[in-house]
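In the structure tokens that follow, the same protein chain appears in two forms, which are kept apart as structure 1 and structure 2.
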Structure 1
């Protein structure tokens, strides 16, 4: 970051001395006011619930302009990456800072795809869970347990250990997600095949059985790969901030990523695509398209408690760029599978049309977001709704690792310790 010639001046109405605060500039985006010495200079903290106006770190990985609807990975627009690269190219970019050349691409793909198997003992660990456990509960346990199965790479302060853990996590996450799925439905686990692509391998482990050869559909393979790319990183969101905060204590990389998985599970974060599909299914039970107008009116009624899931975004105040790409993928998948006239998908299209044309939603910038379309795509492919967030965690793993690595290499990093505004009882004595 670069020190700006501009300075912020903090003045007080009670006559306390004014305080000059440095201002720093990033490459693009808003400047930041440096308040690190504020407490030492004034004895006061800032108050910012939800960190709405606070930059917790400096980062060179991902940039979002919510007003423009722009998302950049290492400077590259998400639209170009989704069109011209695959997920492992994107992983290399997020981890290394640059897109791979031909040799680097070949070596990195081979490295990841050669390490997709997990320790056989993890199958027995998995059997300790109930069959009807939510896949995210299972996945949180499995990822955390990796520090017990791969304890030769758990020193987060060791750059080589972090590199080894990164490859292990990216390689094995699809296997763990597929194992959690197979365990839940009572089918045999499918071992990975190194000759398949990252996304193709995942589809085979999810939907293949030992009874017959599984043929990877290239349209579905590309759709799954695009889902991975669009979810790979998204700046300092709740789960990424959780990974950074957890990692700042010096805990091992597997534990930090497990914390990110647990945070992602929340319906306001990674569970949003699951919530969007559940909403569509609820509307379908009410009567489908015939009852859509009634549902929309309930959404507009602030007293109804009915929310429109899969629309709007905390950061994007324009159309989510990922949603546009996911919409294209959605149409490709539905056409490939002959599901254009499926009642649930027809309902989704009708709801999308209303949201894009109704002044109530347009004025509030409640555009369809990536969760709305990705849920539809995954359901069409055959992914159970409960597993949507697990696939999100699979895709986001590389972003979490890149952010963790960046923090550990930052000489300014410290263990996270937010302050508070205490409003409880003052000191008192026990009678």
Structure 2
């Protein structure tokens, strides 16, 4: 980051001396006011629950312009990556900063695809869960358990360990997600096939059985790959910040990523794809398109506690660029599967249209986010609703590990330790 000529001045109405605060510039995006010495200089903290105005780190990985609706991975627009690259190219880019050349691409694909198998003991660990456990509960456990299985890559201060852990996580997440699924439906686990693509292998582990050959459908393979690309990273969102904070204590990478999985589960974050699909199904049961007006009125009523899931974003105050790409993929998948007249897709498009014309949503700049259409695509492919967030976790793993490794490699890195405004009882004695 570069020191700006501009300086911020903080003054107080009680006569305390003014404080000069340095301002830093990034490559693009808002400048930041450096308040690191504020407490030492004034004895006061800043107050920003929810991080509405706080940059928690510097990062060179992902950039979002929420007003324009722009998303860049290492400077490349998401639309171009979705069009011209595959998920493993995107992983390489996020981890290493540049797109791979032909040799690097071949080597990286081989490296990831050669490490897809998980330790055989993992399946015995998995068996301890109830069959009806939510896949995110299972995945939080399985990812955390990786630190018990891969002892030789758990020193987060060792750059080589971090690289090995990154590859292990990216390679094995599809296997773990598919195992969680197979366990839930009572089918045998499918071992990975390394000659398939990353997405193709995942589809086979999810939907294949040992009883017959599984032929990967290229349209569904491309759609799954695109879902992975679109979810690969999203700068300092809740789960990524969780991974950074958790990792900042020096814990091992698998434990930090497990914390990210747990955070992602929430319906305000990754769980929104599941919640959005459940919402559409509920509206369908209520009477479908004819009932949309009534549903939107409930959303607008603050006392109802109902939100339009898959709408709104802390950063995007414009159309989420991922939602546009997801809608395109949705069309492709539904056409391929002969589901062009899918009632939920029609319902989602009608709901989007109503919301985009309604003053409640317009005035609050609430637009569809990535989760609005991703559930419809996944459902059409055959992914059970309960597993949607698990697939998000699979895809986001590269972002989490890239961000964690960036933090650990930053000489300015410190354990994350926010402070508070204490409003509890003052010191008192037990009677």
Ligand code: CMC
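In this text the structure is predicted, and so the values were computed from the model without any measurement. Positions refer to the first chain, counted from 1. Take the two forms, find the largest set of C-alpha atoms that superpose within 1.5 Å, and that set is the rigid core.
S.K.: Two copies of the same chain, shown separately. Which of them is the form predicted together with the ligand?
M.R.: Pick structure 2; the other is not the form predicted together with the ligand.
S.K.: On a core-based superposition, does residue 191 travel 2 Å or more at its Cα between the two structures?
M.R.: No, because once the rigid core is superposed, the C-alpha of residue 191 moves less than 2 Å between the two structures.
S.K.: After the core is matched up, is the C-alpha of residue 129 off by 2 Å or more between the two structures?
M.R.: Shift of 2 Å or more: no.
S.K.: Aligning on the rigid core, do we see the C-alpha of residue 60 shift 2 angstroms or more between the two structures?
M.R.: No: residue 60 shifts by under 2 Å between the two structures.
S.K.: Could you tell me the distance the CA of residue 359 travels between the two structures after a rigid core superposition, in angstrom?
M.R.: So the C-alpha of residue 359 has moved 4.4 Å between the two structures.
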